[in-house]
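Below, in structure tokens: the form predicted on its own, a single chain.
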């Protein structure tokens, strides 16, 4: 099994005070974001979290119901699936930066349930400003796009996930990108056998991400 415990996931070891202050300011600014209409129904902005200088940044689609209530990314069922996959490759989530392409929860109300709705192109583009701020501050060597919406937001073009999944790509600024499925896709598999297979494939993608990080250092 590929492990990354011998690969520091932060360039600096400790976050410089000015960078920590800048991240805090971004979080405070994003809390009042009205760049698209999603803020009207969401409970709160859910900004990214993790150390400045993290070598890997994970970018999902948008917060889910639990993330919207708690105010932190990937704390619901999809987050637990991501944590399990990270543990399988020995990657410490606390050393990575985790965020979403869209910072507000988009949903439709069905009785007492709030069901996820995919953000549209305009909403993704409106939130790209925040994602760019995170890129500039964290400066990851590799961005792992979790799902089609995240891959589209990062690559700034339509993406067929099956064509780019697990294949290392490079942005114009030299930053590496690797796209894979969103962990929520594993949860939607119709039976346990398919879920196990999907999880194994997801872990394999994260192993490739580890190799890419090693090659970029």
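Positions refer to the first chain, counted from 1. Computed from a predicted structure; not experimentally measured.
Although it is not shown, the form predicted together with a small molecule is what the next lines describe.
Using a 4.5 Å cutoff between non-hydrogen atoms, residue 53 does not count as a contact of the small molecule in the predicted complex. Contact between residue 152 and the small molecule in the predicted complex is not found at the 4.5 Å heavy atom cutoff.
In the predicted complex, no heavy atom of residue 176 sits within 4.5 Å of the small molecule. Among heavy atoms of residue 74, some come within 4.5 Å of the small molecule in the predicted complex. Between the small molecule and the residues 78, 142, 126, 86, the one pair within 4.5 Å by heavy atoms in the predicted complex involves 78. The stretch from 24-32, 37-45, 56-64, 155-163 that comes within 4.5 Å of the small molecule in the predicted complex, counting heavy atoms only, is 56-64.
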